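Below you'll find only one chain, the form predicted alone, shown as structure tokens.
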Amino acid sequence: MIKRAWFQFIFSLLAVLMLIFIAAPIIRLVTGSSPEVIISTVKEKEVYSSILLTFKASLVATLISLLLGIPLAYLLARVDFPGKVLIEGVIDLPVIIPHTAVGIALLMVFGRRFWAGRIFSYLGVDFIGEFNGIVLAMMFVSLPFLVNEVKEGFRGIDIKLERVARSLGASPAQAFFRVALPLNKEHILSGSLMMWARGLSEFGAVVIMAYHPMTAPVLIFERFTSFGLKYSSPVAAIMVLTSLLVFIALRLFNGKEKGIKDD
């Protein structure tokens, strides 16, 4: 009993230290600027425009990735094929590669002088210094969070349920849309939230693809390098508060939906 108490005490202490490490800088950032300064900062057109741009770009990147990533996650969860491990490793690469290197890599494919960039430019779509470039960068670095979460969700669904649907006359597509996809809703939402949140914070790849128009992380960097901590910290605080409020609201909505489902 005493050993168990000591074990729990030590683990609780370590957990508290970890939480303090995470929470202390955020709390200091949010409380470091007066409410008056934060309000006056958020009224600046450059600030609220960059925040709206960041949220919009991350949302678009997430929606595109849902369309492309869910089929990929389903195949990885359900089908065994040569090179599957290699493909799963490639999907995880954006998490490992320095994101400035990601920006360079994207530039060398989607830049106007390179093959993909030329094709898209012919179709009237440009990436360098454009909203499309921001979406592309956010999508690349945050896609693994969505695909891996959705893949694990599909793996947790008993394949016998889809086989039963097939035996009752459903086509593979019908079994997917009526059985597998609805049962994986929580993982899809969770993966989407993680991808969206990761996209909001992206700086390295975005700043290379599109310094202008400025996302919030790029604006924070510019103000810090040009004017110092005094002018950059209010923008950072606004971004943290906005992201936190939206993220909490979405999590509460997800929990409410789950509670209704359980009832």
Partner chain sequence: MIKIHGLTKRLKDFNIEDIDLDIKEKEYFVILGPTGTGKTVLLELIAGLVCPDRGNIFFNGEELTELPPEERNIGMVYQDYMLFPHLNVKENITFGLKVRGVKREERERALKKIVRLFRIEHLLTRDVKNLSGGEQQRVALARALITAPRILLLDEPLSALDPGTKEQLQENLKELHERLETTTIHITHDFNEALALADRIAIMHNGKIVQTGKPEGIFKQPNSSFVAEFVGVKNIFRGRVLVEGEDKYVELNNGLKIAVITDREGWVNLIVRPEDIFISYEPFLSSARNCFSGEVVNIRNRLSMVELTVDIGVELIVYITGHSLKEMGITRGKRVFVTFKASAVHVF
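Values in this document were obtained by computation on a predicted structure and should not be read as measured data. Residue numbers count along the first chain shown, from 1.
Keep in mind that the form predicted in complex with the partner chain is not shown, yet the notes after this line are about it.
Asker: Among 171-179, 188-196, 142-150, 118-126, mark the stretch whose residues have heavy atoms within 4.5 Å of the partner chain in the model of the complex.
Answerer: Looking at the other structure, the answer is 171-179.
Asker: Against the partner chain in the model of the complex, would residue 77 count as a contact residue? Criterion: heavy atoms within 4.5 Å.
Answerer: Residue 77 lies outside the contact set for the partner chain.
Asker: Heavy atoms within 4.5 Å of the partner chain in the model of the complex: does residue 160 have any?
Answerer: Contact with the partner chain, yes.
Asker: Answer with yes or no whether residue 155 is in contact with the partner chain in the model of the complex, where contact means some heavy atom within 4.5 Å.
Answerer: Result no; residue 155 lies far from the partner chain in the model of the complex.
Asker: Heavy atom to heavy atom, is residue 87 within 4.5 Å of the partner chain in the model of the complex?
Answerer: Result no; residue 87 lies far from the partner chain in the model of the complex.
Asker: Counting non-hydrogen atoms within 4.5 angstroms of the partner chain in the model of the complex, say which of 165, 105, 97, 72 makes the cut.
Answerer: Answer to the contact question: 165.
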